[in-house]
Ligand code: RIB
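Presented as structure tokens, the chain that follows is alone, the form predicted alone.
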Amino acid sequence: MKHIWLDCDPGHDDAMALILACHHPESRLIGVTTVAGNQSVEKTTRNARAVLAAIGCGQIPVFKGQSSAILKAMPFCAEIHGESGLDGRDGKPLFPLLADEEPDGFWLLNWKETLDKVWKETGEKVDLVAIGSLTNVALLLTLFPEVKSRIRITIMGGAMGIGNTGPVAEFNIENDPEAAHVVFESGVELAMVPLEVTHTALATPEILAAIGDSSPFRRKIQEMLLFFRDTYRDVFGFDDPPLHDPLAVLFVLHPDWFQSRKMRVDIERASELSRGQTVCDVHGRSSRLANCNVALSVDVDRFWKSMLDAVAKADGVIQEK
């Protein structure tokens, strides 16, 4: 059993990551922090709570994190995820939104105390899965460096070649390169699942058929992926949308289903052309020590089996209620 903390900016693929983290048999999701990215942090926080409630996991704590990057304002991603950050095809929020709820205390301290509690109770590291910009994570590591020995970090982000929101930059890293630099330089145990891998996990018509429409929940997942398909086709020209974020969860649960390589990864922060690039030293040409385990490929069939099993489990939980 892996203890997972998800740091996210819930859009459509983040919602699927929440389903996998909540309903995979080897995962225990212990908490969620939200960050601005796909939409404002107020909207991503509402979406996180809405998704968790919709999949029968509303008891999991959600802490609202940072509203902007360390140095610059973030551009949001309404062209992909809609005005709510998690729209349906009618242009309205896909899941019913709950009333805003602010836990007592400072979110970052609450987060650190939760991680400490798991460490004390189990003696096991928490797998912090970061599938948005790394602003929250950089603050955690900077203000509470003692957590570095108690966590592992796996990110969905970066690219070894072609980017998505920049020529060579991926959205999550480009949104806050300074935060990414802090994380990659921190010395924490780190893994990265880049675009080259996530672009192979496509929600094809066969996958949509396997999800089916036999229940209200399955129809909702269908609608979510169809919205994502349409916007991804319009912006990037993909026939089928890639399911980025669940792959970072899967890397924690089944690293043996991936090919990966430890290498040096540096974050470009100065160039006007390539700000946010993850510079991956694939062939070890620099003298710098490797700082990241980079995924190179994944067994896509096994991924989809796990994802479909998690959807089925969520559907069963909802029907039982």
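The model shown is predicted, which means the values in this text are computed figures rather than measured ones. Heads up: residue numbers just count along the shown sequence, starting at 1.
Form predicted together with alpha-D-ribofuranose (RIB): not shown, discussed below.
D176 falls outside the set of residues with a heavy atom inside 4.5 Å of alpha-D-ribofuranose (RIB) in the model of the complex. Taking the partner from elsewhere, I131 is found to have a heavy atom lying within 4.5 Å of alpha-D-ribofuranose (RIB) in the model of the complex. For the chain shown alone, L94 is not a contact residue for alpha-D-ribofuranose (RIB) in the model of the complex, no non-hydrogen atom being within 4.5 angstroms. For N164, a non-hydrogen atom is located within 4.5 Å of alpha-D-ribofuranose (RIB) in the model of the complex, even though that partner is not displayed. The partner is absent here; in the model of the complex, the one residue of F184, W111, F251, F171 having a heavy atom within 4.5 Å of alpha-D-ribofuranose (RIB) is F171. Though alpha-D-ribofuranose (RIB) is absent from this view, in the model of the complex it lies within 4.5 Å of a heavy atom of just one residue from A203, V197, I153, M156, which is M156. Contact with alpha-D-ribofuranose (RIB) in the model of the complex, defined as any heavy atom within 4.5 Å, is confined among 215-223, 243-251, 86-94, 120-128 to 243-251.
Within 4.5 angstroms of alpha-D-ribofuranose (RIB) in the model of the complex, the stretch 14-40 places a non-hydrogen atom from each of D14, N38, taken in sequence order.
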